[in-house]
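First comes one chain, alone, set out as structure tokens in the form predicted on its own.
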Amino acid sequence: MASVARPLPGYAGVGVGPPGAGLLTWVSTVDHKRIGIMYVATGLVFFAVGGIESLLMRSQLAQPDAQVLSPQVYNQVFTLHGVTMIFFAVMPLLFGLANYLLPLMIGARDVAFPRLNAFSYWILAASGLFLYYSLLSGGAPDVGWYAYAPLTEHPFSPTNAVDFYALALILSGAGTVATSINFVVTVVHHRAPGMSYNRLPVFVWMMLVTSALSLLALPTLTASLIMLLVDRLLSGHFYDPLGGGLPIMWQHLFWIFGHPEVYILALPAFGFISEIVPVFSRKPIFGYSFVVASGIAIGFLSFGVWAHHMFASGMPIIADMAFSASTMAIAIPTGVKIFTWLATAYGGAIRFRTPMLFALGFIAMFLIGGLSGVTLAVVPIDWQVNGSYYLVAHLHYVAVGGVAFAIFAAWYYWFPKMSGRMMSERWGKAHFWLFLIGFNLTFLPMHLLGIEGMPRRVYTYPAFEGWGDLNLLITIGAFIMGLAVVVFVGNVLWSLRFGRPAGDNPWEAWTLEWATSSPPPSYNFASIPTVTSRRPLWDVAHPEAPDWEHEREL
């Protein structure tokens, strides 16, 4: 497709550039683009912190009977790594990119509630700092990111570290709920003329489902954390068996949140891939209606699978069977997405630029994670490997192989829009290959370790078990991944200053964010554009062949 030469109806095509760059203007901003950038910057900082924590753990586990970290410090680093990566790295990165892109994609000037948007960011940043303040107040939490009771009860965790954990996640959840409300109202009430739900970009649909999941799942986590604080600070007995409480209730409440949380992280990643693969295949997405419907189905089904995390907890066999079946069922809509992405790329004029490489890497790695997840839906298999490194491998193939690859794909794809400059392709491809090799060296051997019986959550292991060689290989892979992230950061810093000017639409893409300048002006569009199909910029560039043939009602 040739570059878009004509503006959309109602779009003047003239930008004023970003507003002033002084620190005060950033602190006080309510511009969704600046708030999105602050989310992303905060997420990258915590991503680096969480990555350093993972390298510390891998250094401890590289050899048997190592003493790099003490057991107490290892447990603190282990807990901080999980909480940081999930709540303060990946979620800010996903919601930050959504904050930047969603209003642009639907032709809006801003989110529905700009001040609430700013509040959401600052409360999230404060909650992350609050968690790490625990290091200065007697030690970080050391109970794992899942914080199972009764380990978290006061007799077993007498310091205030668990209180910091609970309060930080309550604050973080409040910010996420506020952002989700903002996204839902923005999509429902601020779409451009002509942008029906059947014409929404797939990423917008996925964020709409993600926001609904957040609104339904996070209150459960908040309630469980409040009950934990009541137990610890007010002598309650929700999870204390000595007072008539039920420790197993924590697991149910936590995983009722925890499994939808997996898809709160995964669905935006699905949206990124659904926008990137068509552009670099030069084809409209195959099966738009199926992609959207499968995302909605995943949202519904994600609330019916939580207890597959609890097969080894002694549930009745009927419950095991029901949750085994529902876990297998949720693989169906996820598989639909894999096939639609592959069908989109099949027969297309594929351009193997860095965003597309990361998108293809996402599909392959997420597929491996999904297949190992299906094996865990088989109850006898889960009983055997539940507390082993097999689960660690599965989790990271989904959360890193899936979500992190998608975030990198999205970053390379939309960086020109946010900065006005292109990133280096040479260094981008070096980043991709280093990350792909390091990732598989790190997590693929963990499947073998788990099958061989190495338990998860241990700070060391004896030499006679024969696990040392695989653990050393895993540690080497982790440091290769760290090198890949260093290459990425260097590429970002270099490109911000010396990158080639991008122009408004360097990828010859089709959605509305590429209709405005790079970076967009503070008001996004001089006049709200009018949309005539799912690919509005295609219609502008090809008035003789508009996108009608791909329109289908849901």
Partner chain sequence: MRRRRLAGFAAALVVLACWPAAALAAPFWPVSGQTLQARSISWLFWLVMAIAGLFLLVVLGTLLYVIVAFRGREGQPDPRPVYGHLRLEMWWAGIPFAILVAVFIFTVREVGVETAIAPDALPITLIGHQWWWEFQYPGAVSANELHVPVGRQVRLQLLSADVVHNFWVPELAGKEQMVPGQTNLWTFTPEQPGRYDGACAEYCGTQHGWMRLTVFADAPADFDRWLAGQGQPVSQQVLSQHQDALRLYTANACGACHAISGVSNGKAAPDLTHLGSRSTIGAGVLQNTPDNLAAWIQDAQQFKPGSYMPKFRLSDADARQLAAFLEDLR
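Numbering follows the first chain given and starts at 1. The structure presented is a predicted model; accordingly, all values stated were derived computationally and were not measured.
The form predicted in complex with the partner chain exists for this protein as well; it is not shown, and the discussion that follows is about that form.
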- Message: Which is the contacting stretch out of 246-254, 265-273, 85-93, 125-133, given heavy atoms within 4.5 Å of the partner chain in the predicted bound form?
- Response: 246-254
- Note on the structure: If we test each of 258, 287, 468, 482 for a heavy atom within 4.5 Å of the partner chain in the predicted bound form, the one that passes is 287
- Contact assignment for the partner chain in the predicted bound form, among 390, 203, 165, 412, heavy atom within 4.5 Å: 390
- Query: Judged by heavy atoms and a 4.5 Å cut-off, are 22, 306 and 494 together in contact with the partner chain in the predicted bound form?
  - Reply: no
- Message: Residue-level contact is defined here as any heavy atom of the residue lying within 4.5 Å of the partner chain in the predicted bound form; does residue 311 satisfy this criterion?
- Response: yes
- So, in the predicted bound form, is residue 420 in contact with the partner chain at a 4.5 angstroms heavy atom limit? no
- Query: Heavy atom to heavy atom, is residue 472 within 4.5 Å of the partner chain in the predicted bound form?
  - Reply: no
- Report yes if any heavy atom of residue 375 sits within 4.5 Å of a heavy atom of the partner chain in the predicted bound form; otherwise report no. yes
- Query: Along 450-476, which positions have a non-hydrogen atom within 4.5 Å of the partner chain in the predicted bound form?
  - Reply: 450, 451, 452, 453, 454, 455, 456, 457, 458, 459, 460, 462, 464, 465, 467, 470
